[in-house]
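Encoded as structure tokens, the following chain is the form predicted alone, with no partner shown.
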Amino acid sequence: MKDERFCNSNCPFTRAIGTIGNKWKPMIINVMGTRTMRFGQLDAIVPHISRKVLTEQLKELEEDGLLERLAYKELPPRVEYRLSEKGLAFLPILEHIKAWNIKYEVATMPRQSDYKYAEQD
């Protein structure tokens, strides 16, 4: 759930944090990268997220203009997600965060079994 106090702040950094939100949004953006993905694919790849929270986060990312939802008029209905221009512009920032973490990380790496599905970049 979005914290409107952050999103409506006078401070650009605070508003950015309000848009980026919690731990899930950057993870979803990172997993998607430049790919178009369906809900089931995201659910399989994003570790430790419930389907309810994934649905909420996808809706918020779409509302914030970071994600595009593509609904096809087919039977059965098909929906795909991809990053918008704004979302793609966030990818280099995530790369810097990952590089920072690698440089200063002191914790041990998690086991591969801690993930629902092995990441595929």
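The first residue of the sequence shown is number 1, and the count goes up from there. Because the structure is predicted, anything quoted here is derived from the model rather than measured.
The same protein also has a form predicted in complex with the DNA, omitted here; what follows describes it.
Arg51 belongs to the set of residues with a heavy atom inside 4.5 Å of the DNA in the model of the complex. In the model of the complex, the DNA lies farther than 4.5 Å from every heavy atom of Arg35. In the model of the complex, the DNA sits within 4.5 Å of a heavy atom belonging to Phe39. Contact check for Pro77: a non-hydrogen atom falls within 4.5 Å of the DNA in the model of the complex.
In the model of the complex, the residues of 55-72 lying within 4.5 Å of the DNA by at least one heavy atom are, in order, Thr55, Lys59, Arg69.
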